[in-house]
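Have a look below at one chain only, the form predicted alone, in structure tokens format.
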Amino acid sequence: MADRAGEGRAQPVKALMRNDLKQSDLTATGSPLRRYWRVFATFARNSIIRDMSFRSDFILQSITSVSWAVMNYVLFKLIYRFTTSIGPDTGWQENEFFVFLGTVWVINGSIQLLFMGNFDEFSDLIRTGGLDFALLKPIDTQFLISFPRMNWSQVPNIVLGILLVVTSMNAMWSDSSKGAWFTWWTVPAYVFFVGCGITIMYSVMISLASTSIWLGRNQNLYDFWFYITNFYRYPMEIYQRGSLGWALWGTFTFVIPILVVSNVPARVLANPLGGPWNAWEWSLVGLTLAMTLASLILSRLVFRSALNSYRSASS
């Protein structure tokens, strides 16, 4: 079973595009949004069918994902036995930080679920000529290579993140002084900024994957992913110490804006410093909106530029 599962994971994305996607989905009448939604739903359905064909592998991947999350949680529970907050005067006390941690799990799990595996295989599409198939389809190429295979084993991690956020918020809600932060717009704003964070990370990942067209093969995508996610797994205040810390904070806030990915949505719920937001916190909201739009536009330009350099594997 394990060998068969490995073969399933190694299946080129071009096979999904050729065999699993019906022509009627690509040429369906109606609004473009409806047509793209039908294609996305087809990808999701085929991915579930494939994962359920190798249940043992799916269960093992899910257990591995959940185990990592549990160990991460236990680590910070131990840390909070010896401190009251992450960083002096940051406001990230135990419940506030676990709202942050749950948010990171939700964002990480969503990225791994939706598109991380597809970008990792993008260089194989180029090397084997599978990208030619995508270019011939009557649908946007970037969309087609972004979502053909979804990793449903990441769903338990997303659920755990949501549960951690809810339980931590409930603990904060029991404190009357902290419960006053919660308003009618808090949850919609949180969901919106989680979406912004996922969008920013999507833009970073597809820009990196696009370099495979110029470089021929990009084997370091997961390494890069691991390194940058290490930075946004912590509140940005911990970097605001010393020259190196400030350099990292500036780079990952304004150049590669991954710190706003998790910090802004977590702040919407946890509001670690309490009271009304100050000018800096509101500016973070504006920065997130600007960076989301800018990263989408820039990643699109990078992808289109790389695609213009593609000359087919048979050339």
Partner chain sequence: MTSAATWGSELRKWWTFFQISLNERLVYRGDFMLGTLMRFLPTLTQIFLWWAIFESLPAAVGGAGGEGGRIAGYRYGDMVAYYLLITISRAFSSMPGLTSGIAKMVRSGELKKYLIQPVDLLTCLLIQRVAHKLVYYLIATVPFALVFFLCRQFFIDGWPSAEVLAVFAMSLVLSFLLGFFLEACLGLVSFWLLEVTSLAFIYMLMNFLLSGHMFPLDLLPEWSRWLVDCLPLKYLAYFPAAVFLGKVEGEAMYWGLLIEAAWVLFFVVLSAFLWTRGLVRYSGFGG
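Computed from a predicted structure; not experimentally measured. Numbering follows the first chain given and starts at 1.
Note that the form predicted together with its partner chain isn't included here; everything after this is about it.
Contact annotation: F231 falls within 4.5 Å of its partner chain in the predicted complex, judged by heavy atom distances.
Contact check for L215: every heavy atom lies farther than 4.5 Å from its partner chain in the predicted complex. The closest non-hydrogen atom of I238 lies within 4.5 Å of its partner chain in the predicted complex. By the criterion of a heavy atom within 4.5 Å, W184 is excluded from the residues contacting its partner chain in the predicted complex. Heavy atoms within 4.5 Å of its partner chain in the predicted complex are found in one stretch of 199-207, 156-164, 117-125, 87-95, which is 87-95. Think of it this way: in the predicted complex, its partner chain has a heavy atom of just one of L248, L287, A44, I256 within 4.5 Å, and the residue is L248. Using a 4.5 Å cut-off to its partner chain in the predicted complex, each of L60, M71 and L75 places a heavy atom inside that distance.
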